[in-house]
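Below, in structure tokens: the form predicted on its own, a single chain.
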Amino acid sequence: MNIIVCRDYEEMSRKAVELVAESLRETPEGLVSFAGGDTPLGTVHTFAEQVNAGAIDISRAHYVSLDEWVGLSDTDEGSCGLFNRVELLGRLEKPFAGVHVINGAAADIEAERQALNDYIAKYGPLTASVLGIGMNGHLGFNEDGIDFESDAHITPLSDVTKRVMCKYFGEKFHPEYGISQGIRQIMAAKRVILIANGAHKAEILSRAVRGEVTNSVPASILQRHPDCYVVADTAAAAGL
């Protein structure tokens, strides 16, 4: 693993985008994926700014979202789809060649899972996968106990994830399941970029990077990835 410690959140976001841009220069027709949520917000904004400025060319590249709460679509507040549509795709003046955003509210959620697999199979493997790390070490909705050989799947949410999700939904919505790219698909990516900021992520990031490779801390599998970058601010990197 390549560890890059940044001064602050802004530098972390810029460095992550630099790594994605490098990947797209090497593979212009590649497949890109960004996590949703608070940590990647600065990264996707910076990415969109650089695309709009002509510094990054995505005209031949495709995009796929990482995960979604089952029951939510891209019009629902707090959904990953809304994050993708508003914070990334809606900011792009020069669009991707193609996009697949998971619809967690699909009438046939199994067909939606298969559509995610099919899109990655058609345009992948992933060229650059930008991930955050959950408080239980999850990647997307690859929760603790996940099979490392999994492709796209629908999974019960862990108790830790259910507690954290309150910041997105309050009391309005209580999802029980998530739909997500699988660990096998993430590990097949040419480059993985794990971003983390804040002191609250220091312990779990240390366990993922320095601890045993175990599915009780799903992000620990990235220790075995041949081109993985951990990009963290000083607070999150305190245990590294």
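Model, not experiment: these values are computed from the prediction. Each residue number is its position in the shown sequence, starting from 1.
One more form of this protein, predicted together with a small molecule, exists but is not displayed; see below.
Proximity to the small molecule in the predicted complex, defined as a heavy atom within 4.5 Å, singles out one entry of L88, L139, A152, L126, which is L139.
Contact with the small molecule in the predicted complex, defined as a heavy atom within 4.5 Å, holds for exactly one of L66, V51, V192, L205, namely L66.
G134 belongs to the set of residues with a heavy atom inside 4.5 Å of the small molecule in the predicted complex. Interface residue remark: G42 is not counted as part of the site for the small molecule in the predicted complex, having no heavy atom within 4.5 Å. Although the partner is absent here, F96 is not a contact residue: none of its heavy atoms lies within 4.5 angstroms of the small molecule in the predicted complex. When the small molecule is considered in the predicted complex, Y168 lines it closely, a heavy atom lying within 4.5 Å.
In short, of 126-134, 112-120, 88-96, 144-152 it is 126-134 that has heavy atoms within 4.5 Å of the small molecule in the predicted complex.
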